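In the block that follows, a single chain appears as C-alpha cells, in the form predicted on its own.
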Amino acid sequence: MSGNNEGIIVILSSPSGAGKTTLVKEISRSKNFQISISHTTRKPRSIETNGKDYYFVSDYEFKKLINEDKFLEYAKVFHHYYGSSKDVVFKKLNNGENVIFDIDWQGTQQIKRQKLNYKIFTIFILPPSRDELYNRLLNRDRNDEKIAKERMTQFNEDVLHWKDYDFVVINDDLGNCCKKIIKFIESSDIKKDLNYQKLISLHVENLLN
C-alpha cells in the first residue's frame, strides 16, 4: 500500500450518526490499523473508556495543548473540541504502522493542507436515508430527541463535503461497507469513477430532500 517503510493515513469522516466510529473499529481489527485516539472536551458516554475511546480533558487542558502546537488537527464540533495528537500519530507512522482516523471534514481539511509526506486515503461515509440516520442518533444518545435533532440540523452542511474525499460509501450494511473501504485502501487507486460519483451525487440529493 505504501511505497516505503512508513505507515499510511486513512481518514473516515461522516455526518454524525452515519457509522464512522464503528467502521473505524472494524477496519482496525481486520487490518491491524492503529486508531488515532482523539482528545475531546465532551463528557464520556456510558460505554466509553478514557484512553481507549477518547482522552477526555477539560477545556483548559485542550486549549493548553493547542497553544503548545500538540495537535495534528483539531475542531469544535457540537460545542466540544476534538483533536489528534501530532507526536503520537507521527511516531506510529514512522514505525511503519498504519493509522486510521475518526474525524470530521474540518480535521480532514487541516491534515490535507499540511501536505504531509505520507500516503493519505480519505473516505466519506453516508447513511442509507435520513430516517435511518435519525433512528441511529436516537439509539446512540438514549432516545434523547433534543440531541438527535441538533445533529440533524448540522447534517445538510456536513454531507456536502463528500466531494472533497477520495472515496464515498453508503453504510447500508456494516460488513459490506467495511469490505468496500478495505478494498479501496488496498487497491491504492484514488482515481474517481465518474459513474459511481453520479450515483453518490444522486443519493446525496435524495438525502437532502
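Treat the numbers as computed from the prediction; the structure is a model and nothing was measured. Sequential numbering from 1, following the sequence displayed.
Just so you know, the form predicted in complex with a small molecule exists too; it's not on screen, but the next bit is about it.
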Single option in D173, E145, D59, E68 placed near the small molecule in the model of the complex, where near means a heavy atom within 4.5 Å: D173
Spell out, yes or no, whether the shortest heavy atom distance between R136 and the small molecule in the model of the complex is within 4.5 Å. yes
Is there a heavy atom of T22 no more than 4.5 Å from a heavy atom of the small molecule in the model of the complex? yes
Closest heavy atom of A18 to the small molecule in the model of the complex, within 4.5 Å or not? yes
So in the model of the complex, is the small molecule close enough to K31 to count as touching (4.5 Å, heavy atoms)? no
